[in-house]
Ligand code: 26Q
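Only one chain is shown below, in structure tokens, and it's the form predicted alone.
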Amino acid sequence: MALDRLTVQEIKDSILQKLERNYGCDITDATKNQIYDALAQTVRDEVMKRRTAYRGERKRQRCKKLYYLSAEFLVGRALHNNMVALVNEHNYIVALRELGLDPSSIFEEEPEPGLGNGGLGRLAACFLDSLSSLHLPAMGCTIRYEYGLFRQKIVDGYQVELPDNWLENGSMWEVCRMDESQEVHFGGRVEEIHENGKTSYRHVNYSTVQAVPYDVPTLGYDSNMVNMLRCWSARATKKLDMQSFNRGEYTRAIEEKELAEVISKVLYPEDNHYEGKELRLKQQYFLSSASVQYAVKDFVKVYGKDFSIFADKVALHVNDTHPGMAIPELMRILMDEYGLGWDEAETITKNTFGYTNHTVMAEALEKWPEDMVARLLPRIYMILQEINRRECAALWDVFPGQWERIGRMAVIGYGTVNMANLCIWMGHSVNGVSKIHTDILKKDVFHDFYLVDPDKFTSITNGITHRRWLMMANFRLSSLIDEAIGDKWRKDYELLKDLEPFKEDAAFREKFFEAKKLNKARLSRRLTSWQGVSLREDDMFDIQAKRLHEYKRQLLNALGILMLYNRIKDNPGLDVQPRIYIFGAKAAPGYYRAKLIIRLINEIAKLVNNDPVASRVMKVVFVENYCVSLAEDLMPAADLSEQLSTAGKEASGTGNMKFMMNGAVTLGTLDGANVEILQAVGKDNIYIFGMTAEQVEAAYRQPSRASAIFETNAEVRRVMTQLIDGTLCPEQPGLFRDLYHSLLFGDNGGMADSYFVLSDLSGYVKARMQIEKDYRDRDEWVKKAITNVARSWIFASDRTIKEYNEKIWHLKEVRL
């Protein structure tokens, strides 16, 4: 059943009527925000009509449903994306222009949801988009963070964090479902009850936080299918302590309310102190408990209490370890609320849960202090203890006498609760997110678990939705693709491969080049209005945009720029291809060195951009407040995509895929999905440099090479010396001494240059010089870019979701 799309006239009439009805104004005196509201309500009406048509169909067809639990869903703005999903973007754009409005300026009025930070959250959002477009029933589950992570401002070269109050004026796309609120309990104690020869447990004297769901519709492309992203908001059950208030103790009167509701205030509160760790644990249990409670109640509503079919009708997926407490929470509900025995509950739980690992970094494999879990979640702690006891007993049969090995694998060991071990042991599936990442999990990080149950491990390479990252973000290229191969690729991503023969068509190459140049102009206009930065559109746009972490090696990029600057200063007549180096990145608020690298990049920018010689061929720009909407302008404008992570550290990456899909050529290491991009495009259409994962692993077992590189390579020695000799930030010559020492001497006796920046620097600069040479041959460069677009189909999230469904979830399509 298809629903009619609104005509241009119907859209115009709806906008004008909503302005008159809601604001008592017409188009001539309405504010931009009022026009946005009227337009968004019009689009929302179309989306919700489709939701109404689909609603209840999954239950009528008695289909299995997925609950995708993730601490982040970086969804981006919804208005324009929903126009694309409705396959009605053209009519809306025409209607706005006929009303005398600029669509882009109206889109900018929408606040960007602060529900995520980086690749983890953007991946989850792409997955929900693909699930809906493939007609697979699912619900995304996360926390409705009131302030998100933070809004980044650069002040005197430093990152400054400002509150990101994206909900200040509410959100047009949310539907509050108070009737489906859940209670989440913290603290208290557990009573053991013996009745009729049976032992049960009752949690008492706990404090309660109410989890209120706000549902955000996710419409499938050209479909009536609408899945919901459920965002849980924390509310106190006790609104005001009137006794304290009447005694004049006003702060105490609202204290309990504030302590409860802080759970959903901020994404990733700082955890370098006990209170921060405790808040993070509360957040993760809050998300897990509310989501699992709802999933069980929804099952019971449809199927009754026949839990023998629970795993056939419900899939729960843990996206990284943050929602891992959902596992003992399901055990608790099945045993304490529905009376199942341990063995039955454990079998159901193991058959229901899947786990995706997103990192090999030890510090990111979450561990909680055992005493904290015992105090905050006493019943959950009891269940974890029993899971651990049974796990260790089973492992003893596999590894008899190997207590150290069993201790590494234990759910509870050495005073900590190990969330990754819990997710592996208590799930039926564990997957990595690229081939190299999964191999590292099997051979190293989770090798012991792999020996116990190799069939549990699988590899599913990440993907991105081509609807947002190509069709919406890059309408010029999308239109050009339509002109070349028709528009069926919009629904069938594999048809993108039909574009490749057009790289031999000179007229097509010219149009491709012009589309890229117009996208550069769009980015330049945005940065000019945003932070007063103008860009030369004929220059190569060399972009590194991702979360700032040492292993992602923005520092390598910065030192490479400084090395080129030195060459130009030594030889002012050096023939250099003009290039603009653009960075977009946020550092975690407590990550001192990452924030120092941001300052370094900005000091290098000041040095380069103010130099009368270097600035003719170089420009360095650090873009403030990197976010989804900014990425939608950066990716289409890029000529070169910088993917520089230390080999073996990046699980997959998705920024590399977005750049590739928009016609940027990759410069990167053999890490994460770069390996598969190389396989897809061939060595002539990508630039690979640096150590391999095997070489990195071997280097960790050898003495550091940093000092030898420093002594023997004059160019490396020079850029390192410039970190501390006043070349950069002369008023504070010692500012970057920490970076200097970490590269040459390590931290606290640790390994120097632990991410191999100096080891890879010369190879990196050499690759850059080859790129400069190749970029001068415009036709050949455009051929490389077209090849990347054509072969990016393999990284579409529709392909990824099909693999998840075939290997793990086994959902059936729901069609009207």
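These figures come from a predicted structure and were not determined experimentally. Note that residue numbering follows the sequence shown and begins at 1.
The discussion below concerns the form predicted in complex with the named molecule, not included here.
- Query: Are all three of F513, D633 and T787 close to the named molecule in the predicted complex, meaning a heavy atom of each within 4.5 Å?
  - Reply: Spot residues vs the named molecule: no contact at all.
- Query: Any of the heavy atoms of E550 lying within 4.5 Å of the named molecule in the predicted complex?
  - Reply: Contact with the named molecule, no.
- Please run the contact check for P113 against the named molecule in the predicted complex: heavy atoms, 4.5 angstroms, yes or no? No, no contact at 4.5 Å.
- Task: Give a yes/no on whether L123 approaches the named molecule to within 4.5 Å in the predicted complex, heavy atoms considered.
- Result: Within the cut-off, so yes.
- Message: Taking the named molecule as it sits in the predicted complex, is E504 in contact with it (heavy atom to heavy atom, 4.5 Å or less)?
- Response: No - in the predicted complex, heavy atoms of E504 and the named molecule never come within 4.5 Å of each other.
- Task: Work out which of the listed stretches, 420-428, 648-656, 334-342, 446-454, brings a heavy atom within 4.5 angstroms of the named molecule in the predicted complex.
- Result: Selected stretch: 648-656.
- Query: Which pick from T349, S291, Q643, Q284 sits with a heavy atom within 4.5 Å of the named molecule in the predicted complex?
  - Reply: Of the candidates T349, S291, Q643, Q284, Q284 is the one lying within 4.5 Å of the named molecule in the predicted complex.
- Which one of E494, E270, E108, D611 is close to the named molecule in the predicted complex, taking close to mean a heavy atom within 4.5 Å? The option sitting close enough to the partner is E270.
- Contact set, 452-486 vs the named molecule in the predicted complex - heavy atom within 4.5 angstroms: Residue within 4.5 Å: N462, and no other.
- Relative Cα spacing, P269 and F622, in the predicted complex - shift of 3 Å or more: Closer together, which means the C-alphas of F622 and P269 are at least 3 Å nearer in the predicted complex.
- Note on E270-D371 C-alpha separation in the predicted complex, which departs from the shown form by 3 angstroms or more: Relative to the shown form, the pair is farther apart.
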